[in-house]
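Before any questions on binding or motion, here is one chain by itself as structure tokens, the form predicted alone.
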């Protein structure tokens, strides 16, 4: 409890220091941005609410993938480019369980993450472990090759056409204030929040997390006191991979699946990690929600501005695709190490 309270106090102090230390230009920009958001909410309240909720759900998917990737990157130092392929593969395993075997969606929520986690264990145990202690580029190239092979294997097995499967009762819409939200989106948000809390408690409040963090700081001393670090690193890889698989199941149930979804999301997740700060747990959460929300709300804000000013050219339909990179540039200009970037995993 003491470490959690201390971490929260440090985070609050750092946030207050960042705001108070901000120069006038940035304060004016944030003020204008706030007014712009209020204008959008006033012009199109229903559309703004729908896009805001959609952005939060999309951001929660990014958070779940980024948490797994951040675990592996922050604690094991491995740039796992195959993490996006794990996310995609989780969706296809769920498709096989629900659409091909005819089993309930709840079964897919269990089977798919475990399957993807075991795949991650095999890759870590027999391939990545051989590269520990070598240049990071070796692990990057290896996982990039694994991602390509996994994507082509999925394409060979299920084809390139988009596929989908039923989320059972979660497909029913749920009324939420001025709009209706699909049940699967509410469920995704709940699962994402529970995942964040579980991972945080696992790393901060358990002996497993303590030994992993100690192993990162001083592996020789940690093994001397009897900790089996290779086994614990493998278990950590399982958790990170399974989390990506779970995100794939939820995303596939909402929008369908295709072999290229992993390549798309891995780029966005790396943007999330850069925005949040390399190796930062809180950074992955805040960065994911920020990027996801901005991608959905920004086009609505541009549309509201175009409507209010009578200048239709202000509305840019394709703005959503460049929003993550604009956010990343703005954040890095203000904080080159990202929002919460510091040496160490938990802050």
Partner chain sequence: MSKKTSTRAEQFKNLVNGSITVPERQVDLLVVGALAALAIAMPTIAGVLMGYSGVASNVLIWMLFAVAFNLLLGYTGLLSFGHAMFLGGAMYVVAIVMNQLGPVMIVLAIPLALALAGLVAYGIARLIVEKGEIYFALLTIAFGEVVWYIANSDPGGLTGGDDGIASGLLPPLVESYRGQLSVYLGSFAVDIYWPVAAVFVVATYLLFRIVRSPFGRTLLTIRENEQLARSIGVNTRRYKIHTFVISAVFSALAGVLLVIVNQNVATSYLFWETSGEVVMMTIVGGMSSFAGPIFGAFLWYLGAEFLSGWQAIGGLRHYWQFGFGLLFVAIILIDPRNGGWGALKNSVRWAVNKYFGGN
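Positions refer to the first chain, counted from 1. Not measured: the values here are computed from a predicted model.
Form predicted together with its partner chain: not shown, discussed below.
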Exercise. Any chance residue 127 has a heavy atom within 4.5 Å of its partner chain in the model of the complex?
Worked result: yes
For this session: Answer yes if any heavy atom of residue 155 is within 4.5 Å of a heavy atom of its partner chain in the model of the complex; otherwise answer no.
Result: yes
For this session: State yes or no: in the model of the complex, is some non-hydrogen atom of residue 77 no more than 4.5 angstroms from a non-hydrogen atom of its partner chain?
Result: yes
Problem set entry | Interface membership of residue 235, its partner chain in the model of the complex, 4.5 Å heavy atom rule | no
Exercise. Thinking of 136, 140 and 329 as one candidate spot, does its partner chain come within 4.5 Å of a heavy atom in every one of them in the model of the complex?
Worked result: yes
Problem set entry | Contacting member of 271, 182, 163, 229, with respect to its partner chain in the model of the complex [4.5 Å, heavy atom] | 271
Seminar exercise, completed: Only hit among 255, 100, 206, 263 for heavy atom within 4.5 Å of its partner chain in the model of the complex is 263
Exercise. Looking at 140 to 148, 242 to 250, 198 to 206, 100 to 108, which one sits within 4.5 Å of its partner chain in the model of the complex if you count heavy atoms only?
Worked result: 140 to 148
